[in-house]
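Okay, here we've got a single chain as structure tokens, the form predicted on its own, with questions on binding and movement later.
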């Protein structure tokens, strides 16, 4: 009598080629639309640009926020990786720090959705994003440590980027180049030649409490 072979676990079907193609088209169309119009863009516009129907869009991204999050995380991750590599390769640590700020703020000015959402990278709502960003800034801080005024920390550099990002947002339409001036003033204040003591920052305990 033949022994029945045990049933194997059902195999998960690989995504169809057309499904992958549709998803990629939606993400690319959303990236362009979000850069131009910000997070208020209508998903029907994204579907039109990607060449798919609304049903297909919702199968891949049931909520608009899912699509926005996917696009912004991808673009932020790509940018952070590129910024980190440039910091590693830089011969001049001060130029690396200054270029990092310029490129970041120029990117915010050209991408409305990132500009609108930038404050989130300093909160627990995007832990992966903040970890990537802090890693880049830690390396920039370490490279330029001897050129920075005493007492400047990684947290200071991170908060400065967030603050200047908000400055880009509030001045972009009325005075689009004002952030260049603010960045120059800020970088000048970070230089080691300014030997005056800095005001006390938050304690380590306070910083750790906010990160939880």
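Values in this document were obtained by computation on a predicted structure and should not be read as measured data. Positions refer to the first chain, counted from 1.
Another form exists, predicted in complex with the DNA; not displayed. Remarks below refer to it.
In the predicted complex, residue 19 approaches the DNA with a heavy atom inside 4.5 Å. Taking non-hydrogen atoms only, residue 59 approaches the DNA to within 4.5 angstroms in the predicted complex.
Contact check for residue 175: every heavy atom lies farther than 4.5 Å from the DNA in the predicted complex.
Using a 4.5 angstroms threshold between heavy atoms, residue 180 stays clear of the DNA in the predicted complex. Contact with the DNA, judged by heavy atoms within 4.5 Å in the predicted complex, is confined among 150 to 158, 182 to 190, 45 to 53, 28 to 36 to 45 to 53. Taking the DNA as positioned in the predicted complex, none of the residues of 70 to 91 brings a heavy atom within 4.5 Å of it.
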